[in-house]
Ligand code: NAP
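Take a look at this single chain in structure tokens; it is the form predicted on its own.
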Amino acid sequence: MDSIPAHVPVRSKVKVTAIPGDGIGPEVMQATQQVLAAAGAQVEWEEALAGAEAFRKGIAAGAPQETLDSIARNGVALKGPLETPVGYGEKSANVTLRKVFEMYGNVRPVRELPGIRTPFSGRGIDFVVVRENVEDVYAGIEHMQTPGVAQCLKIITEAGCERIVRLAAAVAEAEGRKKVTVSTKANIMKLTEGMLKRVGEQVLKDYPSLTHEHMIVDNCAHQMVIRPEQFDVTVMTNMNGDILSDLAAGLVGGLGVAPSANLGDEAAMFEAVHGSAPQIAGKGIANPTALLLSSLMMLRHIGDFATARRIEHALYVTLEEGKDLTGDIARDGEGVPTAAFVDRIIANLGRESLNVPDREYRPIALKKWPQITWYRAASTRELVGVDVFVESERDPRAISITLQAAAEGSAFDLTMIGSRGAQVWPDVGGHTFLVDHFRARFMFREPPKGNGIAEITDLLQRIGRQHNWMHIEKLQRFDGADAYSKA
């Protein structure tokens, strides 16, 4: 193994917010900071709090104002794993940090690491999952519609789709990649997931050096397991990207070796995506590889490519030699403490792996998005009806009688009643399991003369005399096209 050039330090230190996190977080943070210091990384740390301790202090967002202020000042953060209550209680502190700073892009490299054996070893897996990070159902807009029916709104915007696709293209260009795969569930969710497909296909025409394709997301999951070598950069909406980036990490060794970056216009946060592993916290045996690899993404973000490469190769050499590895990746199952693993990586600084293909990284050319309220105008806009969601114990035929009576003398006709997306009146045959949550579609008999609000208000008052309604959705046509789904 050859030596690589010594690190050339940047002119001044860059201040970075360090959030150690929960469980093994402080241990892997300390290990990562040791390696960066030994390699001469010009980083000055500013430690901040988030996660379980913040929740215990009664901070519902999981991150105190001091932490938010630190990230705002520095613009760069390195974060260990944070605990999040599951199914109850506070919001995720991870989501809070991404949302507060509009870190709209999550970048997850998926690369085969030397010495880490998986069923896919030797396949040369090397791709990147780019996940939209702030929209979709992760917007966290949920309501109990009835005591037994919950709703979560899936918010997808045209601007959000353009941002994430342009980020995916910029990542591809920065890493010398050739193809971007837009992966969606547009065959079912034609308006929301379909928006990413349509916007992606349009935006990628601006990048003639990149080939692009669309792939249905469940097929994408299938293809990642069948033939992962075909992928270069793949871009997805938030929840799809969350799930498939974890699947992809499993191809190359799991979340314990999976780095990630959260990128936005004003701040960037680099984090290990694995959990806090409380069962081994404090034992000194945690594997810091995921956070260490995340710190390399951070170094490249601040322009210190030479130090990132030096540490990366020291890690590769350590993994190849198989000496002094933590128990989760040790080949003989006999692992060493975190400290010994770190010492071995530091000892290998300056050595270069000849077995891992080198990738030349360049700065990611992030488009700066203006701080305005984004607005998409339509040439024509028509209000054609309204969906009213009602709670009822009755059967669809009985509900239809009451709703038709309510609409009599109004501006609307009742045209359909649905339950969980299936039409249940007029009867189309088949069998639908019924719950107390129905969507009643009312269409204007004639186009309203004004904005239609008075007519809708009148209809709701009529319905409210017999039914508890939860919410409504306007049925509109933009530029002559229906802007709502059919039953």
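So that there is no doubt, residue numbering starts at 1 and follows the sequence shown. Since this is a predicted model, take the numbers as computed values, not measurements.
Note that the form predicted together with this ligand isn't included here; everything after this is about it.
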For this session: Consider Q371 of the chain shown here, and say whether it contacts this ligand in the predicted complex, taking contact as heavy atoms within 4.5 Å.
Result: no
Exercise. Contact between I280 and this ligand in the predicted complex at 4.5 Å, heavy atoms?
Worked result: yes
Exercise. Looking at the partner-bound form in the predicted complex, is K79 within 4.5 Å of this ligand by any heavy atom?
Worked result: yes
Exercise. With the cut-off set at 4.5 Å between non-hydrogen atoms, does G275 touch this ligand in the predicted complex?
Worked result: yes
For this session: Please pick, from E158, D328, E213, D218, the one residue with any non-hydrogen atom lying within 4.5 angstroms of this ligand in the predicted complex.
Result: D328
For this session: Sort through S245, T84, N74, T192 and report the residue having a heavy atom within 4.5 Å of this ligand in the predicted complex.
Result: T84
Exercise. Within 4.5 Å of this ligand in the predicted complex, do V388, A440 and E455 each have at least one heavy atom?
Worked result: no
For this session: Look at the stretches 286-294, 316-324, 373-381, 134-142 and give the one with heavy atoms within 4.5 Å of this ligand in the predicted complex.
Result: 286-294
